[in-house]
Structure formats: structure tokens, C-alpha cells
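Shown next as C-alpha cells: one chain only, the form predicted on its own.
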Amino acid sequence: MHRTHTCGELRISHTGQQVTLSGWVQRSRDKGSMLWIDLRDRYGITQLFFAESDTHPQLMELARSAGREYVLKATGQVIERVSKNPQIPTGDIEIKVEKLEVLNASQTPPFTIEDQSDGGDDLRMQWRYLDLRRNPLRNNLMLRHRIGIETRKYLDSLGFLEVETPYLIKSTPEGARDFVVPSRMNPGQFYALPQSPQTFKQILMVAGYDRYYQIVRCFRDEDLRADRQPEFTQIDCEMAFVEQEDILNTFEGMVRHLFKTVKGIELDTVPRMTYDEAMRRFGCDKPDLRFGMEFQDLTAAMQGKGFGVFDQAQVVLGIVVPGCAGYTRKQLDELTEWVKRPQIGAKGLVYALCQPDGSFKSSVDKFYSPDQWKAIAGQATAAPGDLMLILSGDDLSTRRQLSELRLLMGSRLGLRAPENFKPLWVVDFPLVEWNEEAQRWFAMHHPFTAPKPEHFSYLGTDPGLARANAYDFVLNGVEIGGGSIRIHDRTIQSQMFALLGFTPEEAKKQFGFLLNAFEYGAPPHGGIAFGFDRLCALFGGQESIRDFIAFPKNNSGRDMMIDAPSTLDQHQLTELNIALTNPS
């Protein structure tokens, strides 16, 4: 056999036992008359010991020839280490090797296989099979595995049934771009890879499978960043004969279960906040509640004082940054340049330093008297020693800009600790939003979301007033779950499609199967989907999801290891009836 034990399980109680281990060479230390090799597998590290005084010269020579990442099989006796290592579980023992076999040699790796590697992101992604040997990635994937297991346990305990849905489906016009797959047997026709199993899980509710879930792969052809991948995983769920409260209670319970079993944390009851309140207090629909700095509406207090920028603005909004009145002019100018970046888009920034002696110093002192600043600071609840940062403009843009500035200041002050978890339900989203460029309504979530029961009448009169029976689960400023109560009536679903600009023919072509299903006893139903990758990253205390996915893509959507996407040869293209307009 290749091993009797793993490299992470031997302890002082095994002293005297004859064992066989197999693994990779992490590092070696040659002191001339003595040689040590750290042997690693995914369970841990065990030290191998060779002494020239009682080791055959050929065995000693073989041990010295084993470079980093060689695969070795070692047999010997477990002995107590003279110099113990309390940093690893096997640190009290070592193996006095009697027999050694090189199972495979290795080239020198392009970066060090250590917790703190010297390889950059692109290099590590190109050699992903080496990167996956490092402890941080192994721990991330073990965390992912544990979260998946505990999710299944919880949902199974409540009678949910895991059902697989198709990967080759029909393209839909709403939402992000689809990845499309040409059909060889149906020339000129294409499948799409699912952005979510939305319509299939609704069909399952019509079919009577009243509690469905799936940990499912989804695909979106959209611009990428640290928390997005072209293929990603969802915890996808749907329930029949439920109202919003049933969904919130069930899946708050799931999140609490995951925190308890995976992190050992007992979460308090998750607070709820309406979309309108979140936008008013924090300028975004996924507020980070780990710190304060809530928005202060200073419009009335700061307009009419002769400062044209404020007088012409729709809103004047500010945040109070505690304890930062000592900021230098250089620091304040840097913040001003930060908000003026194209990604933020503010035209400028007004600041006011609330001095410890009760006086004020601002960038617009000539327009505001000390008494006026005192009143403004009182309204904003700014204390001596605090810094006020103020933006103005149209309501929506200013809130978005100030939200980004708030997050920046929270990070700089160390108020966004990864191990401090603050969850939140955001409810009562707008049902639809108007797009000026397209001159039509778009669904805020998706076309199958039901309005709140009391807002059905707005569909035909003033859709912008309608609130959706929808909800998002937010954790530390990141949306990790979202869902809604669905429309289950054909007439209302047809009305919703018409509101979104579908002709009856288009609605029938795209979603006729769903509309037809609604005529055969569709129950009230609703559901939610959690971003599994994001959830794992947050549990692991990181912002990027990339290192919680075994084989991720880079920011250009490329798999650096296998070099995909790639071109097809002409024979394949001909079989698929694809003619490239620019073959190069």
C-alpha cells in the first residue's frame, strides 16, 4: 500500500509504530550528517528524518536528490522529535526513514508552494494545480465543501427535494447576456446556458414538488470583477403555498444554521429594512451595517446661503466621520480627487472639520458663518473632533457617490472587520424601473416577480409606484441572496410581460410553456437564490470569490490553465453551420 496514515494524523501516541506515508516534498534541510524532509499531503505535514550514522548511503543519496514537490513514499518508525514544532499537529514526532521511494519527480515550481506565495494572480491561475496545493486554497475549498454539506442537511431536514434542471435551455431577452451553444442537429438554432433555473423551478411548483432546491451552476456573459465569474454557483430554492414571511423565516433559519455549524457563531435575529429606507440612510440597497456614518440630509440647512453648487443641487447630503478632524489638507485633497474619479463621478467634495475647541474649518467658509456651521453640525450630530464630508447633485447619483465614500472611510478606519457579521433583509423593492435610453420599463428583479398584493392596481395606472413582493439577503454590504413571491396567474403574468414591452407573440414565443402551465392549477409560490461563491468568500473573510472556486476564470473570462476560450477548427465550424465573418 502507498500509505498507512496521512501526513496529518500521527501523534506522540503513535511512537514506535512502523508506518508508510506518501506525499509531496514541501522543503528539506540538509545539515551534512543529518537530513530532514517535510512531507505534505492535503491533511498536513510530517517530518522525515535521515541520519548518516545509521542510514544506508544509497538511501541518503536518494533523500538528498528529492527536490521540492517530488512525490515520495517513505516507510519507517515513528519517533519523538528532539526539537518539537508546536505550530503543526504532528510537531511532536518524526519518521526515522528506513525505506524511500520516489513515486514521481518534479520540475522546480514557478512559484513557492507556501501560504504566502511569491506568485502573482495570473501565474498562479496558469499553474492552478500547483496553487491548489497551498494551504489557503485547500482551506477555502474545505470551507466550501462544509457549507455545501450543511446547506443540504438543513434543507433536507425541512423536506426540500434536490432536483436537477437542464443546462441547455432557451435564450431569454431579459437580464444579462446569455452564453449560447449552437445545435448541430438543428442548423441555425441555439441553446443558451441558464442564468438561473428560474422558470424550471416554477414549473416544478406547478408539478406539485412544493419544496425544491439545487446547488446549481449558472452562467452569465457579463463584465467581470472580483466577485463575479462567467460561471458561478447558486443555492437555488423554491416553495409552494407560501407567503413572503414563510420564505424569510425559512432561509434566515438556513443562514443561522450555517453560521452555527460552520463558524460556531450564534446570529441574532436578522433585522429588516425597506428599500426606500436603505436608500435614504445609506444610499444603496445593500448597506454595510458594521458601522454607522448614516446619511444626513443637509439640503434645507445648506441651501440659500449663496453657495451656487449647493443652491442648484437637488440634494445636499453628508456623512460624519468620527474622530477625523485632524485630517490634513493633503488627505482632504486626496479624498476630493478620489470622489472625482470616473468610477465615482462627483464634481467635488465639501468638508468641514469640527475642531476640538468647538470651532469649525471648512472648504466653503466664506459662505457659512460659525453659527451656521454649529447648527449644521448639530443637525448632523457631529461632535468636536469629527469630520463632515458633503456631496451634492441629483438625488440618485449623489446617494450612490456618498455610499462609495462611506465605504471607503469605513475601510480606512478599520470598521469593516471580516469576522464581524451584520446580516440584513432588504424588502419592498420597486417592481420596475424606467430606462430613459430604451424608453420602457424594466423589471427590477425579473419578469416573474409579483407586486405586493395591495399594489396590483398600479400595473395599469402608475407602475413606478408598485412595490415588489421581493427581498434580498445582505451580509456585510454584499447581496448574497435574492428572491420574490412569483406571479402564478396567467392574466397577471401576461399583463407584466406587456408592461415590459413584450408583444403577445413575443411573450408566447419566449414563455408560452410557463403561461400554459399557469392554466393547470399553479399554486402560490416563491423562492430565493443565494450566491454560493460569495457566501463562501464572506465566511472565509475575503472579498474575492476567485480563491473559493477550484478552477476560476480571470477578469477577461479566460481559464489561464487550459487556455479557454479557444478557436475551433474549420471542420467543427462547418458541422455546426457557423460561418465566421472574420475568421482571423
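Being a predicted model, the structure only gives us computed values, none of them experimental. When you see a residue number, it is the position in the sequence shown, counting from 1.
Note that the form predicted together with another copy of the chain isn't included here; everything after this is about it.
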Q: Kindly indicate whether R29, D118 and G526 are, all three, within 4.5 angstroms of another copy of the chain in the model of the complex, using heavy atoms.
A: no
Q) Pick from 239 to 247, 403 to 411, 91 to 99, 284 to 292: which stretch has non-hydrogen atoms within 4.5 Å of another copy of the chain in the model of the complex? A) 239 to 247
Q.
How about S556 - does it come within 4.5 Å of another copy of the chain in the model of the complex, if we only consider non-hydrogen atoms?
A. yes
Q) Would L168 count as a contact of another copy of the chain in the model of the complex, using a 4.5 angstroms cut-off between non-hydrogen atoms? A) yes
Q | in the model of the complex, G541 touching another copy of the chain (heavy atom, 4.5 Å) | A | no
Q. Using 4.5 Å between non-hydrogen atoms, is P565 touching another copy of the chain in the model of the complex?
A. yes
Q) Which residue among W338, Y458, F179, F421 has a heavy atom within 4.5 angstroms of another copy of the chain in the model of the complex? A) F179
Q. Given that another copy of the chain is left out here, which of A301, M205, A278, L258 has a heavy atom within 4.5 Å of it in the model of the complex?
A. M205
Q: Between 507 to 521 and another copy of the chain in the model of the complex, list the residues on our side with a heavy atom within 4.5 Å.
A: K509, F513, N516, A517, F518, E519, Y520, G521
